[in-house]
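As a starting point, one isolated chain is supplied in structure tokens, in the form predicted on its own.
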């Protein structure tokens, strides 16, 4: 059998089962212990050896990116609802809040996301999901800019990092009242001056 034939084959059932078990277990561990959880504990609870885990997910970032992909349906649904809003500034604000909640899913998640967004390393599996979210944020920013509601100098990358930062601060136990003040400060920095009144 040639290499081309092998690539076109469906993965064996045990390979699919192992991958599914690893993703399910990793998600549970990330929820309970944060993104720094022991990968050996994930493999053990999933009923596989560390070698199997690393064959499927060579790095912690690869495992995290795969788990985030399985959790993205909720964010996609929120985006569809946000896209129905008639006010581009409100849509941007709601999108930033949706990303903030998504980034708060696991303790410690904002750190590797911010690192991937800043470094733009093509080999980092988190770079692609970050790029997708930054691109979506940029679309909301441009729509609000066309409506005269957001300053021309603002970029989606900036607000992606702002949402990550709020999620990081939130993950460290900051009260909601303080987070609301921080959100207002960030909004005052990206809103067009005459739109702030």
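Positions refer to the first chain, counted from 1. Everything numeric in this text was worked out from a predicted model, so none of it was measured.
One more form of this protein should be noted, the form predicted in complex with the DNA, which is absent from this view; the next part is about it.
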Please state whether every one of the three residues 156, 179 and 183 places a non-hydrogen atom within 4.5 angstroms of the DNA in the predicted bound form. no
For the chain shown here without its partner, which stretch in 158-166, 125-133, 36-44, 145-153 has non-hydrogen atoms within 4.5 angstroms of the DNA in the predicted bound form? 36-44
Evaluate residue 18 for contact with the DNA in the predicted bound form, applying a 4.5 angstroms cut-off between non-hydrogen atoms, and reply yes or no. yes
State yes or no: in the predicted bound form, is some non-hydrogen atom of residue 14 no more than 4.5 angstroms from a non-hydrogen atom of the DNA? yes
Residue 52 near the DNA in the predicted bound form, any heavy atom under 4.5 Å? yes
Interface membership of residue 68, the DNA in the predicted bound form, 4.5 Å heavy atom rule: no
